[in-house]
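As a starting point, one isolated chain is supplied in structure tokens, in the form predicted alone.
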């Protein structure tokens, strides 16, 4: 029987989500009003039968820790399954040595003690669905040292600009692995997801540390292409990589489209999240809601158009929300227009009657502001 444990990796991203990331890591970002970004990777593992999961928090660990908790909400086997949150002494914001490799090294004893033969490593800043059990089977049958998940895109000039890309030969061996510089329209975007034996994972950690204190797992894999059998496996469906503010906005807004949402939310593939005991949203007689996602616990009296409304929000009479993402527990006062914005949690807007951002790059209202 093939056995694997899961690792939700500490982020080696070189970019930052302006505003939102001041308060929480990307994995803890609200996503389409109901979920957090990290829910998708943990749910992939749970649905794939992986019930031993290690979550590396990186910097600012409290929001992830509060949301994930014991992991009970992810349908992990209550008798033998376990979700373990791991920290690093290097994990504070803007630290040069705050890499995934140093986080793994700080917890090397935990990794060494895992009884499973294989490890599935997935990112905390991407959103996609994939059956890791199938990927694991493909990896074992190929006899590869490392299997990497990727997606072919034709938007590489404008999107995924800080992600890695890979090329493969006819046998799906990875022949090159490098950052996307936007030079080509069509590229294979690496989804920061690896499958390998635990022993190989440990070897790569030590090799990276000996090569450079700043090396990431991607760096050492790129260095090892000539000495290891590294294979690529294609993925199809919805993929979002949240590298910056615009990525976050567009990743959410794409899912207002029903067809795009079907690419992410598959029948029989539950996306689990922390439960919230809120009542259904109340739509009062003056409410007008079109082409939007509205979470539970809210009260809508105004107009909501092409927007995402988080939990426990209040949109008062005469207010108009257009092309916005409104995070939880926000109140928008009467006759207020908000357009092309991301509004963070616990905001109250009632003294300013018009906040309009650029359609090509939306504005941001800070968490807890009173406007």
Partner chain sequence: MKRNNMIAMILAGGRGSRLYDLTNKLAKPAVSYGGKYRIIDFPLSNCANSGIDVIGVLTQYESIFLNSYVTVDSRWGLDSNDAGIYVLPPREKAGENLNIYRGTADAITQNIDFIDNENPDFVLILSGDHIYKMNYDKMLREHISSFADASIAVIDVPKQEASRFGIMNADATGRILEFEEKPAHPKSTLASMGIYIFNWKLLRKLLIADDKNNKSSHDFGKDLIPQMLKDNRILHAYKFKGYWKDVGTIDSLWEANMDLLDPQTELNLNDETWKIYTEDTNDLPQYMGPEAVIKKAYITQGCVVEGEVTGSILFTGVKVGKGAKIIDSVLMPGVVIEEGAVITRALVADGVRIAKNTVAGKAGSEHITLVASDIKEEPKETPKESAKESVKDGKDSKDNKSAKDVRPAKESVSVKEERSAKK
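Positions refer to the first chain, counted from 1. This structure is a prediction, so every number in the text was calculated from the model and none was measured.
One more form of this protein should be noted, the form predicted together with the partner chain, which is absent from this view; the next part is about it.
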| item | value |
| --- | --- |
| Any non-hydrogen atom of residue 89 within 4.5 angstroms of the partner chain in the predicted bound form | no |
| Touches the partner chain in the predicted bound form: residue 297 (any heavy atom, 4.5 Å) | yes |
| Residue contact check: residue 277 to the partner chain in the predicted bound form, 4.5 Å heavy atom | yes |
| Proximity of residue 265 to the partner chain in the predicted bound form, heavy atoms at 4.5 Å | yes |
| Check all three, 9, 29 and 218, heavy atom within 4.5 Å of the partner chain in the predicted bound form | no |
| Contact segment among 186-194, 284-292, 243-251, 108-116, judged by heavy atoms lying within 4.5 Å of the partner chain in the predicted bound form | 284-292 |
| Among the candidates 209, 156, 135, 271, the residue which, in the predicted bound form, approaches the partner chain to within 4.5 Å (heavy atoms) | 271 |
| Contact assignment for the partner chain in the predicted bound form, among 320, 34, 331, 67, heavy atom within 4.5 Å | 34 |
| Within 214-239, the residues that have a heavy atom no more than 4.5 Å from the partner chain in the predicted bound form | none |
